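Given next, in structure tokens, is a single chain: the form predicted on its own.
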């Protein structure tokens, strides 16, 4: 018996040493630098691309990069504290901008793979868009090159992020650069509501990210394989830092199975749930989304496997 106890203590000691060493390694490891294989491309902007890029930015980029000065000068992000003390950087037309000096190809490569100009990997909280159509990527780049007021040069310099141990561990072992597409990615068929809705909810507006089980277990390349896909349960934070759980939006009775299409449209575009209670941050009203788009997402959600998970009563 004593011998067995000694063996167990030795095993426990080895495990503790290994875990301690691993923690020290992760905490002190220098960021990995990847080869930047940005394509040599130049986007030809036009008014339609700039307008759509601005709309996409208002639905995606502003939430993190919107600054107090009304530009995309960045701000502190309390709703991502699980990943550390984080600040979205300045991406305006200023030499202090994080995107200063990027070519169109480097921007395209960043959006697709997560690899920045200097070869460093954009952290987990920065969305990646491997399934976004080529046209929509060009729209974002066209917007970033435009004279939109959101991009007016700001000299604000946000503090460097202080990633948590979890963020460092995920970046070391889980989150890696995504492969750059080897074929063109076309626009979805807008006359097919399910195809169009899937594109919007998964590729373009990243709805599944918040409405799946956990940011740490998202499958970016195969989103449908993400645990809890659209079943909610993700731990989010309101602007004041208090916790809030993302809701189940599958068509199960515990999700939004009792809602009507009109109620879904009202909730997404105007922030009012069927109960009459307003949605809470980070779910803001997406008034810039068209009714056709929201109805397409509704059509797609009809096809998503139901998940039984009770939503908070409201």
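Everything numeric in this text was worked out from a predicted model, so none of it was measured. Numbering follows the first chain given and starts at 1.
There is another form of this protein, the form predicted together with heme C, and it is not shown here; the text below is about that form.
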- [ ] Have a look at 194, 203, 122, 169 for me and say which one sits with a heavy atom within 4.5 Å of heme C in the predicted bound form.
- [x] 122
- [ ] Check each of 150, 108, 218, 88 and return the one that places a heavy atom within 4.5 angstroms of heme C in the predicted bound form.
- [x] 88
Open item on the list: Would you classify residue 67 as touching heme C in the predicted bound form, given a 4.5 Å non-hydrogen atom cut-off?
Closed with: no
- [ ] Answer with yes or no whether residue 144 is in contact with heme C in the predicted bound form, where contact means some heavy atom within 4.5 Å.
- [x] yes
- [ ] Please run the contact check for residue 127 against heme C in the predicted bound form: heavy atoms, 4.5 angstroms, yes or no?
- [x] yes
Open item on the list: Against heme C in the predicted bound form, would residue 297 count as a contact residue? Criterion: heavy atoms within 4.5 Å.
Closed with: yes
TODO: Indicate whether the candidate residues 102, 116 and 246 are all in contact with heme C in the predicted bound form, with contact defined as any heavy atom within 4.5 Å.
DONE: yes
TODO: Any residue of 182-199 with a heavy atom within 4.5 Å of heme C in the predicted bound form counts; write them all down in order.
DONE: none
